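Quick heads-up: it's one chain on its own, the form predicted on its own, in structure tokens.
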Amino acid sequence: MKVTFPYMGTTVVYKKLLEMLGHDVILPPKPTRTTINLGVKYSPEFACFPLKVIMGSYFEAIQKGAEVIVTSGGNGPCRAGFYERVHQRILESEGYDVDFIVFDSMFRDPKTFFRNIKKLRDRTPWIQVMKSLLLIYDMIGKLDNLEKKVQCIRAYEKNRGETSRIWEKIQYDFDQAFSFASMKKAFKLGKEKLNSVPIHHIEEEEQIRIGIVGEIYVVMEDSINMKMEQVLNSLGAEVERSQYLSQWVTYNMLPKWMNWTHENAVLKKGEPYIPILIGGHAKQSVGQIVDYGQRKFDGVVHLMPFGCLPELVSQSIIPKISEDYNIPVLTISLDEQTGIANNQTRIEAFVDLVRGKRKQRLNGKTKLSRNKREHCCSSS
């Protein structure tokens, strides 16, 4: 089958899994202004930004020959659970006959989940399917580990762009690995390359850490969030996202009674502010800000698609959390009309504010103890 998928984050992972299952993978182009314009043209005006961008990606992939779309589902108040139906109807109205394979939580509908697995595996032996899934899970964890290091080192690199170029090469090396041994080798090599990046010596008062929270698509896909991680890194801030693929997969793989994941812990931290699940990643956003506050991060950037009801609810609660944990939070709303220049100015001002507060704290003006931390660029 000629298979494609939504473009989000480290796409080499999805591509590799589908190739290992014997499919001809049509890699969707990285979203551009053309992608967004396509999605906006054919999507309902009131639809949220991720739905429009994904719609544009589907059109581009289908024009390259894709016949089957593999995607994830959703449930609860968030409209993400209806993406597949809306996308399929729009494609049908434009004359495209494309099959959808939608994966939801295996605990919500086990029969449908395993029926989709069976459909996707095609003629691949079950033993090979299990081996591929385990290999990809190992790959996801290793890539996330390296990406977290990238998001720190890039803030201090002497040669601008060097860390990003190494990160692209690391992803290529993982794409060429087809065994646990070669995956381990690619991980070791990637770590060595990152540790060799020349960095500036930064005084402790200048070492600021900023977390990024919000709806999963706008948090993980840099082509539609103004390359937020790189922008913050370029301003000298270490970055950590609230969403990483390995965490999301692990959380959705484990039953509730043995779910020890970070995401489950974050949900519990958000309960005093949002006691129920209201859809999307609103409760995770709130809980993650609490977590960042407890871990003494210096600030948080909250990304939300324009008109996203769950994130609007979390936005209304954020001032209270910011006050409770003494952590500044900048909310940025994203859609097809987002002005980059205006938001660049807001981000620069926010980083200056965060850096100023850290200097005050370390100088003892707020009567807080010095916040010693391990430098992210250590060779560990």
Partner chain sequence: MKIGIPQALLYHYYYPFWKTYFDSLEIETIISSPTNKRIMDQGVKYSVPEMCVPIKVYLGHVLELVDKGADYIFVPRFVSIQKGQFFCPKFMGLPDIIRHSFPEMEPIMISPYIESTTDDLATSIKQYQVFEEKFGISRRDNRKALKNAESVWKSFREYSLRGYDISEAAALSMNDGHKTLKQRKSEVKERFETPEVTIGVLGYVYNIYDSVISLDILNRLKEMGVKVRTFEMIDDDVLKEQLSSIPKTLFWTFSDKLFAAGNHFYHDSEIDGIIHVTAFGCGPDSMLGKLLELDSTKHEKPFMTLRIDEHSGENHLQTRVEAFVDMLKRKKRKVKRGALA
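In this text, all values refer to a predicted model and were calculated from it rather than measured experimentally. Positions refer to the first chain, counted from 1.
In what follows, reference is made to the form predicted together with the partner chain, a form of this protein that is not presented.
- Not one of G211, L235 and G293 places a heavy atom within 4.5 Å of the partner chain in the predicted complex.
- Site annotation in the predicted complex: the residue of K268, K184, R89, K119 reaching within 4.5 Å of the partner chain with a heavy atom is R89.
- In terms of contact with the partner chain in the predicted complex, the residue from F114, Y172, F82, F180 that brings a heavy atom within 4.5 Å is F82.
- In the predicted complex, at least one heavy atom of P272 sits within 4.5 Å of a heavy atom of the partner chain.
- The partner chain in the predicted complex is not approached by G339, whose heavy atoms all lie more than 4.5 angstroms from it.
- In the predicted complex, at least one heavy atom of S93 sits within 4.5 Å of a heavy atom of the partner chain.
- When contacts are judged by a 4.5 Å heavy atom cut-off, I289 does not count as touching the partner chain in the predicted complex.
- Screening 347 to 355, 27 to 35, 57 to 65, 41 to 49 for residues having heavy atoms within 4.5 Å of the partner chain in the predicted complex returns a single hit, 41 to 49.
- Taking the partner chain as it sits in the predicted complex, the stretch 309 to 328 comes within 4.5 angstroms of it through a non-hydrogen atom at L309, P310, L312, V313, Q315, S316, I317, K320.
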